[in-house]
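Below you will find one chain, with nothing else, as structure tokens; this is the form predicted alone, and questions on how it binds or moves follow later.
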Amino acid sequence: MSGKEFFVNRYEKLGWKFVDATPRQAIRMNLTNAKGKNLKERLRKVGVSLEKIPFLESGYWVSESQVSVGATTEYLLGLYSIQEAAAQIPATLFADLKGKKVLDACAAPGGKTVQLADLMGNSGLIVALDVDRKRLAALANHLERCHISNTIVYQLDARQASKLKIKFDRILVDAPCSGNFAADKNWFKRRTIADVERNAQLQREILAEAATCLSYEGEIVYSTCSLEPEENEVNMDWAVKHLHLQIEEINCPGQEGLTNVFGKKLDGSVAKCRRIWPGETQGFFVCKLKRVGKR
């Protein structure tokens, strides 16, 4: 089962009427590096106009640009990162990061890793994993450009994270997912429901491993850029029921997580998750989980 009509019909059943969307380009200031540098004025002088994103502390829409924002001196100096607006949300949801041990389970190409390090002020420790060696090269380059000094990079499948023998205070699972049409104009031609189901299973395996690596009173933030409930709310319902995790309240844009998916009733706490349908940003889903008792 695939095709635009199939997926659009699914979205309508989930309560969203399809509209085509082209997300606005966004950047995120790396505050550790940009402090005192008057970045907005410097970019204005080279023809880049910024507009504050209201739901992000360090995020800006690129409202006008006479040059590539990936080719400015300021970018090369690591004063900012090019990062989609919704993708900037997950790292901000942790209660506290400074001095903590953090696992970025699916880290490449590194935008969220750099953001975590920035929020940590380069303190503590980040262990950044990815299974793809080529993607790890992009991650390493991103970390070097942004002067990140608290991060160790490993080529390791997140489903084997327990091999590190570390209990982490904070774990980011920005899970491999099916993506969505707003970020890929050929999405409807390429995706099938079989892809969604396969990704959902992989995500559960990563989540289960993350839960074994989580310290007492630790936090997991789970996110995808998928619109499909199997990869989002249904997985969170599964995590609550099988991984001794509870869903926490979060403060971010989007609608409440779905608690009824095609007639299947989910745990009521799934409503605390946030689902962002495509518009100015790409489609996105995010949820914060915390351990219930000791394991």
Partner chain sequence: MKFASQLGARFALNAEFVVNRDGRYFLLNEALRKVVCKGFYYAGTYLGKVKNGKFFPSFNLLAMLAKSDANKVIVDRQAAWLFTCGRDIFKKGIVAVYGSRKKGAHTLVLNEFGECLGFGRIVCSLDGGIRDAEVVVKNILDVGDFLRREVYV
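Positions refer to the first chain, counted from 1. These figures come from a predicted structure and were not determined experimentally.
A second form of this protein, the form predicted together with the partner chain, is not displayed here; the remarks below concern that form.
Novice: So which stretch, 208-216, 137-145, 180-188, 83-91, is the one near the partner chain in the predicted bound form (non-hydrogen atoms, 4.5 Å)?
Specialist: In the other structure, the partner sits against 137-145.
Novice: When the contact criterion is heavy atoms within 4.5 Å, does residue 151 count as touching the partner chain in the predicted bound form?
Specialist: Yes.
Novice: Check whether residue 45 has any heavy atom within 4.5 Å of a heavy atom of the partner chain in the predicted bound form, and answer yes or no.
Specialist: Although the partner chain is absent here, residue 45 would touch it in the predicted bound form, with heavy atoms inside 4.5 Å.
Novice: According to a 4.5 angstroms non-hydrogen atom cut-off, is residue 124 in contact with the partner chain in the predicted bound form?
Specialist: Within the cut-off, so yes.
Novice: With a 4.5 Å heavy atom cut-off, would you call residue 102 a contact of the partner chain in the predicted bound form?
Specialist: Residue 102 lies outside the contact set for the partner chain.
Novice: Only one of 220, 106, 79, 225 has a non-hydrogen atom within 4.5 angstroms of the partner chain in the predicted bound form; which is it?
Specialist: It is 79 that has a heavy atom within 4.5 Å of the partner.
Novice: Sequence order please: the residues of 49-76 with a heavy atom within 4.5 Å of the partner chain in the predicted bound form.
Specialist: Read in sequence order, the residues that approach the partner chain (within 4.5 Å, in the predicted bound form) are 70, 71, 73, 76.
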